[in-house]
Structure formats: structure tokens, C-alpha cells
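Listed next as C-alpha cells is one chain, alone, in the form predicted alone.
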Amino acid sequence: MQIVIIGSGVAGVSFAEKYRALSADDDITLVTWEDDGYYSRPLLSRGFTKTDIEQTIILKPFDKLRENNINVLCGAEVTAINRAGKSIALNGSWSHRFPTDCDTSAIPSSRQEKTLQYDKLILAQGSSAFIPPPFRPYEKLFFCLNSLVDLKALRKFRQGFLSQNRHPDWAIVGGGLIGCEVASDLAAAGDKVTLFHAMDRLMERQLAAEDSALLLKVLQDSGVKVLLNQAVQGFIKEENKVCVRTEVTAEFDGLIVACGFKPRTELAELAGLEIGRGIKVNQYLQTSDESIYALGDVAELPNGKLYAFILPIRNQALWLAEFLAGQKQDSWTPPVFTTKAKVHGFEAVHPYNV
């Protein structure tokens, strides 16, 4: 059987490794746009206080997966799913071994389209940073933090200031989980940070009001300037500064937009799969196509929930590997799990809303 996985995060890699442990003979190919290896996404928001983060964040190089007889096509963009022909189209610069059923004829050094056949396709692309529509015309003016590529760009930008013996002055738009974590880490690293949030309290989706107030105090005590009830209207570039427009306009060295995440459903939608907030699946993580499954951030369960946290994502991946290998028969049920914000000095009193 030909198993193709799209995505190299915890969902895709956990599934690939578990399925390989259960099946020595089936072909497994993992396709990813990333080049750095399998890394810990939760550690991205600690990327400013850890000087060696670009090395320590890597959990496993792709070559380690290849040594386990898992084909990895990295630096590859999947452009289409052909459900009738059970194949995917992908674009990339091919420097690694292809599975036997991949059309690799006339491969030049430049990027080109290829096709890859599958018997079972696993969609595990995760999510992208959500950019509110009013902010999209200004995308060249701000950073997001959703991948190791994003973190490297932020660290390079920041290093430009540190090499001049000064710390940058940041604006962060979004007082949810990622915005608060990044604000905390930048402040702990010595930078000046102003956090803009549209709501009247921080992390209102995850925290009880009492814990939101405690988080506010912890951030303020760390030096973060927190501005609540802020209707950010847009951004302006002025010489070497970027300005945030609210009722007043303030200027900063750098800007990060952290307004949540959006499941990567575009491929599935183009292929005609059922889409809601994510890719709709049944209790067996199967999409509206019986040969295609979805895991992690992109998978919307019948209860309408997306389980975008490490423990349930990994649980899904291990369950699906066992199910497809004939080791499980009962449907997937969410495990009991908790989460926490990685904010320096903060511990919530009440359980998080998950």
C-alpha cells in the first residue's frame, strides 16, 4: 500500500513513525514544504531567550526519518489532489530519493511539477497564521510567528539591532496565546514591547477572568506595555519605523501580528472535500473521500471542534496509524488534556478552556 502524508509537524511525523513500526512493507512518503527537519512548534515562542534555539528546536532531522525507511520530500509544495486518479501534484527542487511510483522523468535543477500516487492520503498540513482582512494590504510591514522560517526571519531582524548595541522596540497585535507568549519572551530577552489587544482582557478564550487579570499583571511587571480594547486600523511605514494606527499612532522598530491561526484547508477545498472551519472528518478521522484522512489542526470533528494541541494531535496520529494497520476498530475519542501558556512567571489558577 502507498501511504502519502502531507505535512511534517507532530501529526504527520508521529503517524509516519508509528505506521512504519506497525508495517515494515508498505511505502510511506512524507511531503513537506519545510527544509529544517521535524521541530517543536511550541518552542517557537521561546525563540528569543534561547540563543541556540535554531538547533535545539529540531527534534529529528529528515535524514533520521529516511533511515527508518520513510521517504521524505522536503521543500515541496503540493499544488493539487487528484481524487479520481488517487495522486497529488507537487512542485519542488528534487534532491532526494523518490518512491518508485513517482514520475521523475527529465528532472532539471529548477522547480517543476511531479505527481505521486497514493492508496491512502493523510492531510496533516497544520495551520497558517490568521491575518485579519483589514491587515492583509500591509503584510510586508509585519512578521508572524508560525514556523521556524518565521522565527529565523525575526531573529535575523532582531540581530540587526543587537549588533548596534541596542534592543528593538516591538509592537505585537493580538493578546491571545501566541501574542502573550512572544511578548513575554521578547521582554525577558531585554526588548521593549507594547501589546495591542482588541478585547477587554488577555487570552479571553482560554483563561478565566481572574487568570486574565493575573496574566496582565505578570506581563506588566516584566515590562510589557499592554493596551486593551484597541481597534487597530492599519499600519504605516515611515523611514525605518512601522506605525500602528489606533485612536492615536505610535511607531516601533518591528511589528508582529499574532491574531490566531487558520487551518490549511485550501488543498482539500480545491479537491472538493467537505470543509467547515477545518477539513470535516468522521470519528475515524476520514474525510468525505474514503481514501483521505485528516489529522491535527486541519481536522474538524463531527462535534465541530479542532483539537489544535500537541497531546490530542499526537493521540490522533498514533490512533490513525493503528487503525489503518488493522490494530484498532473503535473510533477515535479525544483524550483528557490540559494546556498552558509559556509566559515567564505565569501560572493560571483555574483550568484552561480547551
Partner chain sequence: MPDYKKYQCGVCGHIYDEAEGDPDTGIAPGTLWEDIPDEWRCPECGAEKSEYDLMA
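Numbering follows the first chain given and starts at 1. What you see is a predicted model; the values in this text were computed from it and never measured.
The same protein has a further form, the form predicted together with the partner chain, not shown here; the description that follows concerns it.
Colleague: So in the model of the complex, does R66 come within 4.5 Å of the partner chain, heavy atom to heavy atom?
Modeller: Taking the distances in the model of the complex, the answer for R66 is no, it never comes within 4.5 Å of the partner chain.
Colleague: Contact with the partner chain in the model of the complex for Q286, defined as at least one heavy atom pair within 4.5 Å: yes or no?
Modeller: No - in the model of the complex, heavy atoms of Q286 and the partner chain never come within 4.5 Å of each other.
Colleague: Although the partner chain is absent from this view, report whether K342 comes within 4.5 Å of it in the model of the complex, heavy atoms only.
Modeller: Because a heavy atom of K342 falls inside 4.5 Å of the partner chain in the model of the complex, the answer is yes.
Colleague: Answer for W319 alone: is it within 4.5 Å of the partner chain in the model of the complex, judged on heavy atom distances?
Modeller: No, no contact at 4.5 Å.
Colleague: Taking A84, D119 and R277 as the candidate spot, are all three within 4.5 angstroms of the partner chain in the model of the complex by heavy atoms?
Modeller: Answer is no for this spot.
Colleague: Let me know the one among A325, L306, I70, I310 whose heavy atoms come within 4.5 Å of the partner chain in the model of the complex, would you?
Modeller: Checked against the cut-off, the match is I310.
Colleague: Which single stretch, out of 290-298, 35-43, 325-333, 22-30, brings residue heavy atoms within 4.5 Å of the partner chain in the model of the complex?
Modeller: Only one stretch passes the 4.5 Å heavy-atom test: 35-43.
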